Structure formats: C-alpha cells, structure tokens
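The chain below stands alone and is given in structure tokens; this is the form predicted alone.
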Amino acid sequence: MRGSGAQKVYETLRKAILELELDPGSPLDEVSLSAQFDMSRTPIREALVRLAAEGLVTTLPNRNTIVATIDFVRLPVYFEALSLMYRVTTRLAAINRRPEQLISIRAWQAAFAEAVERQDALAMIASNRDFHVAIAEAGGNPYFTQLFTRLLDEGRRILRLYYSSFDDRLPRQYVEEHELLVTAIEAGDADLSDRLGGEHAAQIVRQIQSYIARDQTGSMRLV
C-alpha cells in the first residue's frame, strides 16, 4: 500500500513539474504534501527521492526541497552539447545499427507520431526521449548513450516549452524529420544522418529560443 501511495505522489508531482504547473524553484514541503495527499510523510519522501534522481527536484543544504530550477543562463552550453549528441549518435547509428534495433527505433517513432496526433505533450516528451535513446544505443557507444540520455532527461521541461510554442499542436513536418532520420539510418548513410541530426537539433533550439524571447509574462521562476 505504501508503494502505491509513493507512486501516486511521484506521478502527480512529476506531471505537474513537467507541465510547468509547479514553477521552477517552488517549495515542496513534506508536511504540506502529506496533508494534500492524505498520507504519511514516508511515501512523500520516497516520491521526492525518485524525482531528485531524475533531476526534477533539488534538496537544499537546509534540507528543504524545491522544484529544480531551469538555468537559462547556461542554455547555450546545454544546446551546444545537445546538438553534438544529436549528430554523433545518429551518425553512429547509421554505421552500426542492427535489424532488431531498427525495429525498436521505428516503434518509438510510431509512438511519438501517435502522441503528436493526440496532442499529448507528456507522451511526446517521453516517446521523443526514448526514440533518440534507441538511436544512441544503435550507435554502439555506451558513453555517448549515457551522456545523450542525461541531456535529454535534463531538457524535458525545455522540451515542454518547445511543444508549448506550438500550443501542443506540433506541425507534421517535425514528425517527418524523425522519419527522415530513420530512413537515413536504415540506408546506412552516415553523412546524411549526421546532417539531418544537426538540422533537427538546430530547429528545436531556434524554436525554443524564439519562444523564450517573446514570452514577456515573467511569471515563471526559471533560475
């Protein structure tokens, strides 16, 4: 019973954080959460530990827990690393992919396309992440896979801003970009895969930067 309670708290808070319903920097008090969910502090604490492992909450030196901030000052450095990983993992996948890995990549792309059709932003974020991790795994370099996975996980709320810039109605052309990536990987064309990976990353970065620049509300505590 305790495990199911922790799971409920985890899922509820995770959704609120990823949907940006809980602003970055918002306090997460165990006592208040215990009253909100009508359960003891133990499952609350377990849920917060899981969220901390995903980088979604931060425990401060005074032991208070807050929603992890988004450091927009460091975004250019983050985007640089992310763009490089898009390119190198897609290139290596074109060289090293195995048939069963292509099946997995195709399956995640289908899940992403379906989520886009439903305008389900959280499902888009999850399936997009798993799609690119599957490509990285097909590349065969576990160090690149580990780094890219970490970058994708750290950027989930940034990706939420990306989908918000389209009001969650992602244009079909961006689904087709995934299709082009898969086709290039299947064909074993490393140079084309590299170029498409870079272009895919570049349009995401441009869209997010444009969205941030025109957001004048100032309502969200980012750093």
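The numbering used is simple: start at 1 and walk along the sequence shown. The shown structure was predicted, so the numbers you read here are calculated from the model rather than taken from an experiment.
There is also a form predicted in complex with another copy of the chain; it is not shown, and the following applies to it.
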Tell me, yes or no, whether T149 is in contact with another copy of the chain in the predicted complex, where a contact means a heavy atom of each within 4.5 Å.
no
With a 4.5 Å heavy atom cut-off, would you call V49 a contact of another copy of the chain in the predicted complex?
yes
Indicate whether V88 is a 4.5 Å heavy atom neighbour of another copy of the chain in the predicted complex.
yes
Please check if A53 has a heavy atom lying within 4.5 Å of any heavy atom of another copy of the chain in the predicted complex.
yes
Which single stretch, out of 124-132, 73-81, 111-119, 97-105, brings residue heavy atoms within 4.5 Å of another copy of the chain in the predicted complex?
73-81
Between L51 and L147, does the Cα distance in the predicted complex come out closer or farther than in this form, changing by 3 Å or more?
closer
Outcome for the Cα pair L147, A47 in the predicted complex, compared with this form (closer or farther; change of 3 Å or more):
closer
